[in-house]
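Here's a solo chain for you in structure tokens, the form predicted alone.
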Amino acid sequence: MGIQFKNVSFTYRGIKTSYGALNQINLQIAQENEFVAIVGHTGSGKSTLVQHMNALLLPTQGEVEVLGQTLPPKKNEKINHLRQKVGLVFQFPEYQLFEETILKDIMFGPKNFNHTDEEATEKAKKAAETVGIGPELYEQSPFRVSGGQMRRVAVAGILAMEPKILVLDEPTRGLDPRGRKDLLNIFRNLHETEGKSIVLITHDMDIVSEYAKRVIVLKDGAVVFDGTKEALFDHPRFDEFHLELPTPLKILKHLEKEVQLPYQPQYDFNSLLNYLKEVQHE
């Protein structure tokens, strides 16, 4: 059992005003083998939605079931362990780094969940290897490495807790193209080799087209689409979602219009290049 939203609404309440961020959300994410992209314009409720997945926020109405535990919890029922089982990586997670060495920073999560120093060290080293942080960096300050390496350290800190589901809120924001691709390939490898479910918030439709298997579109706090990326990009009301097409589809639509090239959807750059080569040889 993974994560299930049942008629979930959430309202941010201030002293004088309140704001409804989620409205009657119903969706389910499997514990394994999902790679889900959550998209929508700014203010659509994406970050609010994923913060319900590990109990950082609790529903104003409705229920969220996370790995068998129902939220909001019963009185005196502990929920902190859900933040180990559902690992949430925030935008610019390197802002959360604070330890004096990289290894200590990665160890913090396991130690916080009562693992011994020896166990925490083992888990930290495994997570560091997963994200490409070598032993030569263990004793360096996390603040004296590159921005891309800082992001990897922060992600390793989440992976060291061995979450069953990994939730990522714009994890590539601010990275250069190489750093962005390297990080996304790490997530894809975790998904393909371990069957780990990945939930990814992104505004970059090229990322959606290349990595996601399923896409959830939010608009004004409600789910307006939930399906495959192919179905999304071919949706007859796609324009109403206020999203851009990925670059390969933009190029193909332009070629269809300008040179009457037969339009055959290609969702990533490698497929696009192969298709153009095939057309050229015909």
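Counting begins at 1, following the sequence as shown. All of these numbers come straight from a predicted model, not from anything done at the bench.
Below: the form predicted together with a small molecule, not depicted.
*Asks:* Is His41 close enough to touch the small molecule in the model of the complex, meaning at least one heavy atom pair within 4.5 Å?
*Replies:* Within the cut-off, so yes.
*Asks:* Find out whether any non-hydrogen atom of Glu210 is located within 4.5 angstroms of the small molecule in the model of the complex, and reply yes or no.
*Replies:* The answer is no: Glu210 has no heavy atom within 4.5 Å of the small molecule.
*Asks:* Since only the chain is shown here, I'm wondering whether Gly45 would be in contact with the small molecule in the model of the complex (any heavy atom pair within 4.5 Å).
*Replies:* Heavy-atom contact with the small molecule at 4.5 Å: present for Gly45.
*Asks:* Does Glu94 reach the small molecule in the model of the complex if we count a contact as any heavy atom within 4.5 Å?
*Replies:* Looking in the model of the complex, residue contacts with the small molecule do not include Glu94, since no heavy atom lies within 4.5 Å.
*Asks:* Since the chain is shown here on its own, which stretch among 242-250, 47-55, 23-31, 225-233 would lie within 4.5 Å of the small molecule in the model of the complex, judged by heavy atoms?
*Replies:* That would be stretch 47-55.
*Asks:* Indicate whether the candidate residues Phe35, Glu63 and Arg214 are all in contact with the small molecule in the model of the complex, with contact defined as any heavy atom within 4.5 Å.
*Replies:* Per the other structure, none of Phe35, Glu63 and Arg214 touch the small molecule.
*Asks:* Just to confirm, with a 4.5 Å cut-off on non-hydrogen atoms, which of His81, His203, Lys111, Lys126 contacts the small molecule in the model of the complex?
*Replies:* If I apply the 4.5 Å criterion carefully, the residue I get is His203.
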